[in-house]
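Only one chain is given next, in structure tokens, and it is the form predicted on its own.
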Amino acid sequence: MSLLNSALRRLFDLLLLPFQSLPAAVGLVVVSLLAAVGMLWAFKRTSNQAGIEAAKRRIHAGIFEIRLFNDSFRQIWRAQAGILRANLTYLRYSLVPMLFILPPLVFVVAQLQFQYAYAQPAAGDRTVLEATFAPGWEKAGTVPASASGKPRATLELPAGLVAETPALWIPSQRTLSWRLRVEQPGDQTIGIRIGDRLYEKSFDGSRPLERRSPVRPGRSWLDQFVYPAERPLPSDGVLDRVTVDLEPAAVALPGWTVREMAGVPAWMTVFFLLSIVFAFALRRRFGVTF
């Protein structure tokens, strides 16, 4: 998973490089168009187009039959049963290409999430840095701790970041937390020194469009899949993950500023809406029927 994520990071950094100085909407329009073209191509190659067209004709025929024989209860029930069977057939034919489209789409969405979902930190912003220790960290004997059992850790902050609080230890969650203040945004790396090991977390803010992640994952395969924007923490270390709070980014469209709604990032709303619009607009050119 680590090697795959590394390759995808390089690929998407390269693809989105021309859009770094442009509004987020510009890059999302291009990416949505490419995604729509890719999905149309895959749908045409992997679906039974003739079967889908036939199922749609049966559905339309059933609707016309209901309208034509609306005074016959028996005919209406027969037509509705035929429509139901045709719908099930249509769904079966439509689900097959989804098996080929959804897996690569998941990786695309995961990469775009960390390019477009989080806002550029600004001077005066505050964030919480949290280091979560791996289960059984105290048994390793490599972490200095106080008499109360609180692990000792030292922050190594770059110029432009200031710690406003000492470390807060929450034993039940195995976490050390600090509140930080941004004095000067930039491409920064936060260091957490524990014993003789240094654990780092990126905190980039020099450009509006830049790869940012709230989590640097640990050894968990699932964490690396969900948070692919940074390489994982050392597998032999005592930390399970390092997180920072990042503000959600908005996407400015002509006449409409899209913001995060019900936990759905603004970029994702724009991306899927545009992808659907492009897919329907180009379906005839690709010879695709839905």
Partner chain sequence: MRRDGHRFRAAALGVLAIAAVLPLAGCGGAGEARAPGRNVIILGFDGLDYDLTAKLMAEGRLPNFSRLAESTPLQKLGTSVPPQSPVAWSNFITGTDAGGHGIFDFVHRDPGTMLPFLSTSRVIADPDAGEPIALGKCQIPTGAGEMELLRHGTPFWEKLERAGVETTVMRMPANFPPSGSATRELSGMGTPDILGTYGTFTYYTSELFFDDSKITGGGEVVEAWPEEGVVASELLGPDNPFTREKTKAKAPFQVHLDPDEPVAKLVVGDEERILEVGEWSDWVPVSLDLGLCGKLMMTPSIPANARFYLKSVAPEFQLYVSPLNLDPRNPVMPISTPEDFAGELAEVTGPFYTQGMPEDTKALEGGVLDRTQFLAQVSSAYEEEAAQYRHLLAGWKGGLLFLYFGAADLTQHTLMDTLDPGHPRWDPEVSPKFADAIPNAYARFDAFLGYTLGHMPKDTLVVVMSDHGFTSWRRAFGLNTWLWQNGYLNVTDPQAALSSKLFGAVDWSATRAYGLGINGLYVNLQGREKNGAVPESERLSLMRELKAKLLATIDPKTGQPAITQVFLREETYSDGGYRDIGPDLVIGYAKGTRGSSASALGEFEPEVFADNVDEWPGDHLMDPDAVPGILLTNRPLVRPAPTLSELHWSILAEFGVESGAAAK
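This structure is a prediction, so every number in the text was calculated from the model and none was measured. Residue numbers count along the first chain shown, from 1.
Keep in mind that the form predicted together with its partner chain is missing from the display, and what follows is about it.
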For this chain shown on its own, do 41, 51 and 96 all sit within 4.5 Å of its partner chain in the predicted bound form, going by heavy atoms? no
Even though its partner chain is not shown here, does residue 21 get within 4.5 Å of it in the predicted bound form, heavy atoms only? no
Indicate whether residue 282 is a 4.5 Å heavy atom neighbour of its partner chain in the predicted bound form. no
I'd like to check something about residue 82: if you look in the predicted bound form, is any of its heavy atoms closer than or equal to 4.5 Å to a heavy atom of its partner chain? no
Taking its partner chain as it sits in the predicted bound form, is residue 118 in contact with it (heavy atom to heavy atom, 4.5 Å or less)? yes
Counting only non-hydrogen atoms, choose the one of 41-49, 230-238, 25-33, 248-256 that falls within 4.5 Å of its partner chain in the predicted bound form. 248-256
To verify the annotation, which of these, 207, 78, 197, 150, has a non-hydrogen atom within 4.5 Å of its partner chain in the predicted bound form? 150
Any residue of 260-276 with a heavy atom within 4.5 Å of its partner chain in the predicted bound form counts; write them all down in order. 260, 261, 263, 264, 265, 268, 269, 272, 273
